Every structure is written in structure tokens, then in C-alpha cells.
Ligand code: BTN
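Here we start with a single chain on its own, the form predicted alone, put down as C-alpha cells.
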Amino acid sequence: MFLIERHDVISSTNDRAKALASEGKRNICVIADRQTGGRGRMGRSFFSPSGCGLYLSVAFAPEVRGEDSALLTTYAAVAVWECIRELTGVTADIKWVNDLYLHGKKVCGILAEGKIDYTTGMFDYAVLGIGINVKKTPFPDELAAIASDLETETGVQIDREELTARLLQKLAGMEDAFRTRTFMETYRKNCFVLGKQIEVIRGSERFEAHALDVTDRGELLIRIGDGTQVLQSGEVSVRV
């Protein structure tokens, strides 16, 4: 399990977890009631007001090669998906690679970071940040159309401590899950981009593709014209 460090307010739980990991700490969980500098993928900010969400980051040393780093995010997505279903009875949708949605609005974002030992190709440490909008959240206008929270979308009031305990219990089982990778079946069944025409954003590059499958390494298999390609990272949006 994880040793928990709690904060009323912090700039970023991921930054704090990375600082602890760089000091040699492992199996640490940093939790904050509010973040002033919460971050998502692609450098985006993550709205993290007090009393509304679960904002946590875990630092650990997974037995995963750097090239399989997408497994960290896909496993975390399934862990959150299971927690939401257990506590609300509602099935969330997963957007490759790191977001969960309810009724078309984002309720959870996941950010994996880490340091790789280039001699072995394994992680020296990994930090997995998870932000879940739990209670009714006063989103600013620019977010209200695209983001929501579990209480609003399910009608269920969730105790954040119970959600924390369930999620950390699932995250503690990551190593066994990485060996069997059975969680990928749940990920694929609930990944709403599969079978859709998508736009891929990778750095300064943008192109259209058809999402075919998610590999056992958490990569997105896409079709471009008559050929296929595997995405290890990047941002995708469904074309409408």
C-alpha cells in the first residue's frame, strides 16, 4: 500500500510526488484538497477547487519498461472506471489515453510522468496523477461546456474518503495487473474512440485517422489510408 501525505492546498500533487521520488521515496501518495497549479497532459491546467474533487498522485517503481509506459495510464483509467461503477452504478466512457467521461463531459484526467533508467530500460520511478471531479463543481464558463462531476452526472453523492480508499486499493494491485494485462479487455470495451474517425494531434502534426484497437501495451492502433500505425502518445478527438 501507499504512505499518504495530505495537503489542504498545494501547487501540484504530481510535482510534490516527483520531488519525493527524486529523494528516493517510493510507494508514496500525495493528496490535496485544492491545487493551485494542477496539470494535465500537453501542459494543460486542471481545475482543482477546494471541497470538490479527489486530487492525488502516487510515486512508485513499476516493473514496466519505458516503452510500455502507456500501461500506467490505461490501468489507472480502468481503476477509476471500476470505482465510478461500484459507487454510482453508472458506466463511464474512456477516451484514449487518459480521460474518463460521463454523458459527453470529462470527469477525470490522468497524468503519468517518470524517470527511466536508460541502462535497463525500466522505470527508476513513475508518478501517476489522477484528478476526479467528485462533488458539484463551479466550473468557469470556458470549462462548463466540456467538464462535469460525478455528483451532477450520476445523482449520487460520493464520499471522497471512500473513493480514495477504493482507488488506492486498486492502484496497489498494479504490478499483478501488468503481468496479466486482463484489464485491457475492460479498457477496450469502454474506449469510445474505437471504431470512430478521429483527429490525431502529435506535437505540431495533425492528421485524420480511423481508430481500430488498443494494443496490449496501451497503444492506439489506427488506420491511415490503406496502412496502419501505432500511436504510443498523442492527443485524439472524435470527428463529428
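Note that the structure is a prediction, hence the values are computed from the model and not measured. All residue numbers refer to positions in the sequence shown, first residue = 1.
Just so you know, the form predicted in complex with biotin exists too; it's not on screen, but the next bit is about it.
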Checklist entry - Since exactly one of A147, L111, A126, L167 fits, which has a heavy atom within 4.5 Å of biotin in the predicted bound form? => result L111
Next on the checklist: The chain here is shown without biotin. Which stretch in 181-189, 200-208, 55-63, 167-175 comes within 4.5 angstroms of it in the predicted bound form, by heavy atom distance?
Outcome noted: 55-63
Item to check | Distance check, K95 to biotin in the predicted bound form, heavy atom within 4.5 Å | outcome: no
Next on the checklist: How about L72 - does it come within 4.5 Å of biotin in the predicted bound form, if we only consider non-hydrogen atoms?
Outcome noted: no
Checklist entry - Is there a heavy atom of D99 no more than 4.5 Å from a heavy atom of biotin in the predicted bound form? => result yes
Next on the checklist: At 4.5 Å between heavy atoms, is P49 in contact with biotin in the predicted bound form?
Outcome noted: no
Checklist entry - Are there residues in 6-37 with a heavy atom within 4.5 Å of biotin in the predicted bound form, and which are they, in order? => result S12, T13, N14, Q35, G37
